[in-house]
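Next up: just one chain, as structure tokens, the form predicted alone.
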């Protein structure tokens, strides 16, 4: 729920051509006719699937809801990519103590991700041995790729001493987040050695992806916590309508555009010389589960709601302006307005790429809606991105009366998988 850098017209990410709507990928049911596609397809089928189905850019238009987003690239998809409608996020604890077993898992996960993001099953669904469980659970059979992206991150615990020999390779920017004022963090919804962010336009496709990776990892990793999300609360495509959060306000108006290469290079991608060569081309992710006091908010007068945010509720225009994308005049807002406190000009230029989702997880024991924002922020350095912004917000944001941070995690996100022989985290373990 923060302001970010305004979008600008820039060349396409990685210097590619302007994206066109990708051709729809064949369904998982159709590819079974190829002989029971599975992990053995590896490079032969999945390696070329993204190019065949999705084109050369991961900015696949939201209008191409059944299309495939290319898996290979300099950066992982699911960061600057056009934001999909649904999320299944999972954090994992690594249970194995064997470095080779962990490396093997990451290779297997990569192979499975190549298939699933192309709209293919990870193995036999109903043509395998009757005496053995199917390799793929089958709930996505007949569904298209739905712009599925899978994004992997490494938590601080993976670099702990006497685990995998990685203690000397922990990036300095992978900091243990401080406890901010007002935090009420649940350890059961925080932390993790690994994370996987699955985004898709079909919730069943996203859930299926996490389910398959968890099954593949059985005995080596275990799910620590997970979060389902709906209704994206930010966009990397500023030409599309800005989404609204559960409080009814447009969210992410000034988010970094996924086609703004200059802003991405400056604020999102880890650069050469940033201190961790294995992470060059990657990013850092902060995940926060923010619960909203929905019932209290719903009884708050409209004018007060608008003063709290610093924007009007209808158009989304900043105070004193008429259009959503008008440059905000911060001094016209209340001193403790959310937009004013989160703006880069208030935080020495601190800028993050937002990719959050709304969530509703039933009700609590008092009948109140357990709902809010699952905040996802990517940045080049957590210390100069999320941390100063959150310090400012936690200290005096009037919105804090209506929200509470109840879960938290931070991850180093490695660069993209370059080709059929590459795998998630290869440079880290080299």
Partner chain sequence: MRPARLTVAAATAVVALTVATGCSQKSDAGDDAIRVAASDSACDVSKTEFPAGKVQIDVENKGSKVTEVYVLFPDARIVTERENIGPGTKASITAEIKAGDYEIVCKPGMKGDGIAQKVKATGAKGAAEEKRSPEADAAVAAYRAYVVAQAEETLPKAQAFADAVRAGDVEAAKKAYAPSRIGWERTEPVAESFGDIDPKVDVREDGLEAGQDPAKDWTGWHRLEKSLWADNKIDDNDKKLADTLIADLTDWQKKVGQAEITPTSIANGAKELLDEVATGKVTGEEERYSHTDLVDFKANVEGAQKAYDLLKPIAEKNDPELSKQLDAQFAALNTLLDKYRADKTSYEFTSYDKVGEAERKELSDGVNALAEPLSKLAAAVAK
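Numbering follows the first chain given and starts at 1. Only a predicted model underlies this, so the values are computations on that prediction, with no experimental measurement involved.
Omitted here: the form predicted together with its partner chain. The next part is about that form.
The partner is absent here; in the predicted bound form, the one residue of 168, 219, 273, 301 having a heavy atom within 4.5 Å of its partner chain is 219.
This chain is displayed alone, yet in the predicted bound form one of 107, 95, 313, 163 has a heavy atom within 4.5 Å of its partner chain; that residue is 95. Only one segment in the set 240-248, 220-228, 169-177, 265-273 has residues whose heavy atoms sit within 4.5 Å of its partner chain in the predicted bound form; it is 220-228.
For residue 131, a non-hydrogen atom is located within 4.5 Å of its partner chain in the predicted bound form, even though that partner is not displayed. Of the heavy atoms in residue 99, none are within 4.5 Å of its partner chain in the predicted bound form. When its partner chain is considered in the predicted bound form, residue 215 lines it closely, a heavy atom lying within 4.5 Å.
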